[in-house]
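Heads up, the chain below is alone and in the form predicted alone; it's given as structure tokens.
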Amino acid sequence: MTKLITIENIDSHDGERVSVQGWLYASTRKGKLVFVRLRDGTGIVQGVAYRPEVGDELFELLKRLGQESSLVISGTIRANSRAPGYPGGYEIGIEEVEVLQDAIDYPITPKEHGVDFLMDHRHLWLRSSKQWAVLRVRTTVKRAIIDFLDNNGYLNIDTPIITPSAAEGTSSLFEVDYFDEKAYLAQTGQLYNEADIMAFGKVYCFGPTFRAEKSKTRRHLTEFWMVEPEMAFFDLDDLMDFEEEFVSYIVRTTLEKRRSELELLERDMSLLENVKPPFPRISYDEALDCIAAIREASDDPQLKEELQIEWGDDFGSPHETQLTKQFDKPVFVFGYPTQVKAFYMEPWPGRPEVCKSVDLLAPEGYGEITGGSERMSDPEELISAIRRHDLPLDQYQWYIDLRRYGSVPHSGFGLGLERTVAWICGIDHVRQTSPYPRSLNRMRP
């Protein structure tokens, strides 16, 4: 009986007669040979059919099969260092083929297609080798996140998707009708996690979050996944110490487990191999001085225009890109102006215009991959902040209670999964890191 195997395990079956189930990724003919590339979800392998051995009927069948036809190929595995595929280095000498379906006129061909066309056919584009590689990296990044947190004493607590109030700002909320009462899709689970840490010490939530931002940049989606660790008895320095260990572990694990996929994506892995603690740490004030110096030294009028900024402004993509070019690994920027951050962030001692916030900026223009802060721990300060932001005080009474009953210094951050995967993969847009991305102009398929 022929053994049914998966392509990712092909190296352990050298010399054996096996069967592989999958889809026809591509085929070429060279004289009396037909080369087919079969994918099965775990990898891609080359199969070779020699006309005198397989016969005219099977040979002609393989010649005419359409791209993405579903097949079962049987034959003998043999080592061939030049054989293409993933993991590569092996091929199947085809002896038998069972056609489950002959696919006709598959719409995504080797020719160049526009982004809109590919996104309209996202349900099919997922089958291409690079999209396959990106999403396999995504699963590994997710697993690394969970493993690191679980192994370091963090408890996974699920937080609500439907919430009665804003956490990050009322301008970017998706409003829903909740039995005739106004409610919103969650921007974050952070506020609930602050309650959770008073019961469990260190927690995290991990799931979809929603931002109704009318943004068309390569860094933004309206629905994305975010992991949000929160910790009691952590100050801002503790937070940065933890984040650099956390991000380094994610990158190190992905390099270890998905090197073949990163090679397929033509990622320069030397840039990732340098991601290890300590990360540089600069204040917002120092970052502003650095941007001013870059702007002053530049002869490019467009860059000078893009880098215009005054104290109190938040950084945009050009500022973050130029900042990260000064470092060879991710860089922390801490101590942002209070006016550009959320209401719950602890004021800087002696500088109420600055808060104990921190963003971690990834190199190569990928920008902020984490955003966090030390949280306010004094109830009266929190009440004042809520009023300054013109938020409904009654909606936050439970949140203020956390400061009234056993308040402690505490901190937390959020890491966006899609943006982190885009950085690790070295791809130019976060839409490729989500199986079915949602953005300003797209909610289908």
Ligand code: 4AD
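Note that residue numbering follows the sequence shown and begins at 1. All values derive from a computational prediction rather than experimental measurement.
Here the subject shifts to the form predicted in complex with this ligand, a form of this protein not shown in this document.
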Handout entry: Which of 285-293, 74-82, 219-227, 306-314 lines the interface with this ligand in the predicted complex (heavy atom within 4.5 Å)
Key = 219-227
Handout entry: Listed residue (Arg211, Arg136, Arg127, Arg267) with a non-hydrogen atom within 4.5 angstroms of this ligand in the predicted complex
Key = Arg211
Problem - Candidate spot Ser19, Gly22 and Ser69, all three touching this ligand in the predicted complex (heavy atom, 4.5 Å) - result: no
Handout entry: Partner proximity in the predicted complex: Pro330 to this ligand, non-hydrogen atom cutoff 4.5 Å
Key = no
Exercise for the section: Flag Tyr344 as yes or no: does it have a non-hydrogen atom within 4.5 angstroms of any non-hydrogen atom of this ligand in the predicted complex? Expected result: yes
Practice task
Using a 4.5 Å heavy atom cut-off, state whether Thr188 contacts this ligand in the predicted complex.
Solution key: yes
Practice task
Indicate whether Pro337 is a 4.5 Å heavy atom neighbour of this ligand in the predicted complex.
Solution key: no
Exercise for the section: Determine the residues of 362-380 with a heavy atom within 4.5 Å of this ligand in the predicted complex and present them in sequence order; the list may be empty. Expected result: Glu368, Ile369, Thr370, Gly371, Gly372, Arg375
